[in-house]
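A lone chain, given as structure tokens: the form predicted on its own.
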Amino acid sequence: MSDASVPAVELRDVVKRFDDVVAVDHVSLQIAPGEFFALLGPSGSGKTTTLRMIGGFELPTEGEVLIEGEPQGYKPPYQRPVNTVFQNYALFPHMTVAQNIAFGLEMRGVPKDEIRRRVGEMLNLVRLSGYEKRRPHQLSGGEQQRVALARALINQPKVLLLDEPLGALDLKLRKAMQLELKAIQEQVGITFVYVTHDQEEAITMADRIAVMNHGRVLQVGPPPEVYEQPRTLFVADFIGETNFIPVEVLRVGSTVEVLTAGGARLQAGWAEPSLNAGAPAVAAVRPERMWLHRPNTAPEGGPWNRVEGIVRHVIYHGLDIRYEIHLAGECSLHVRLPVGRGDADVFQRGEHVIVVWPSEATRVFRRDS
């Protein structure tokens, strides 16, 4: 039984270079036993290379990879207590579902009775009982993905590595499989390290997220923390939808005060530590934290920021209505209001409105970051 105090996976100052290109740049991470951990970032951010170093498909140029406290050194993938699920599933087309799942156990010489029992358990786990004799071409994309998952889990790895395994599925099936994957991970209790460029996917499934860009880890934390409290302009922009308002910093201290190009004074709940008075900056606010009022109904004073604008576009999205508000002389804001609550469905294009949001929902970043 593994020691819960020892990380399931640890990266210590890991660097990976390909000739002159630094793909992974001094990454240090600790992933807890039984955690669903997501590596999130755009193409070229280093997330897949990081996963491949954990799995032994690539070796670090510098630094060290440990699994359950044991340095992996130059061990190849088959000598590491990990298994990998790839985006293309890599199922053997000439084998049945049962044969695909049993393949790893057969290679290790496990007795046939035990193989049969464990294959049955895996089929139950991934809800494919009765599919034993089918071949991959007879399965849907989601069913193939489940077979690949069962084949990886049957070897009882300490860590399961998943490299964009849902990327080939259509949107509706991908959303359904997100919930299934999370439920399976919680049931088996194995550490999952999951690579994705899809921020909604990471937020839905992961216990913690590491946001990567240009080979570096910019922020690590639970999804609500990363979403609500981004520490860099990139994280605020990459995860979710964000309004960015150009501002000038007026005061930094116990309160942060900024001035918009249109002359509105705003207060912020947080600002980058390097910001000083007079610095050009951007104030970041999530669209769902904003509300619209007509001029004679907007709240005055208190912990509220407010700016005036004109409704430019009204877009119905089912659960919410999205408004684009043009601010005088500067930029536009996007506001998302739930349908059927208050005035959410009554503002018209061309109408003069006041945009209001809590001061604490405002985060200020250096403009050059």
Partner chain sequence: MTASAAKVARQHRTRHWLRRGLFVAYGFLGYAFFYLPIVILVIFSFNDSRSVSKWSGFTLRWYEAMLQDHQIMVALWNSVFVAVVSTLIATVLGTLAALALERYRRFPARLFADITLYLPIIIPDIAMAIMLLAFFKLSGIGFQTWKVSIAGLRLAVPYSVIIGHVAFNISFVAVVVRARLAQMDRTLDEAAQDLYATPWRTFWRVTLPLMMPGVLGGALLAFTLSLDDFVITFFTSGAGFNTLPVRVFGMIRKGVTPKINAVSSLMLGFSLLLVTLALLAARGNEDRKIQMF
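Take the two forms, superpose them, and find the largest set of C-alpha atoms that agree within 1.5 Å; that set is the rigid core. Being a predicted model, the structure only gives us computed values, none of them experimental. Numbering follows the first chain given and starts at 1.
This protein has a second form, the form predicted together with its partner chain, left out of what is shown; the following refers to that one.
Of 274, 229, 88, 129, which residue is found within 4.5 angstroms of its partner chain in the predicted complex when only non-hydrogen atoms are counted?
The residue in contact is 88.
Counting any non-hydrogen atom inside 4.5 Å, which residue from 199, 155, 267, 219 sits next to its partner chain in the predicted complex?
It is 155.
Using a 4.5 Å heavy atom cut-off, which stretch among 92 to 100, 247 to 255, 177 to 185, 208 to 216 contacts its partner chain in the predicted complex?
Contact criterion met by 92 to 100 only.
How about residue 80: is it within 4.5 Å of its partner chain in the predicted complex, going by heavy atoms?
Yes, residue 80 sits close enough to its partner chain in the predicted complex that at least one of its heavy atoms falls within 4.5 Å.
Please check if residue 243 has a heavy atom lying within 4.5 Å of any heavy atom of its partner chain in the predicted complex.
Close contact is absent here: in the predicted complex, residue 243 is far from its partner chain, nothing within 4.5 Å, heavy atoms only.
Could you tell me if residue 106 has a non-hydrogen atom within 4.5 Å of its partner chain in the predicted complex?
Residue 106 belongs to the contact set for its partner chain.
Within 4.5 Å, heavy atoms only: does residue 84 come near its partner chain in the predicted complex?
Contact check for residue 84: yes, within 4.5 Å of its partner chain in the predicted complex.
Along 43 to 61, which positions have a non-hydrogen atom within 4.5 Å of its partner chain in the predicted complex?
Heavy-atom contacts to its partner chain in the predicted complex: 52, 57.
Spell out whether the Cα of residue 214 moves at least 2 Å between this form and the one not shown when the two forms are superposed on their rigid core.
The answer is no, as the C-alpha of residue 214 shifts between this form and the one not shown by less than 2 Å after core alignment.
Is it true that residue 232 shifts between this form and the one not shown by 2 Å or more at the Cα, once the core is aligned?
Moves: no, less than 2 Å.
Cα of residue 204 displaced 2 Å or more between this form and the one not shown, core superposed?
Result for residue 204: no, shift under 2 Å.
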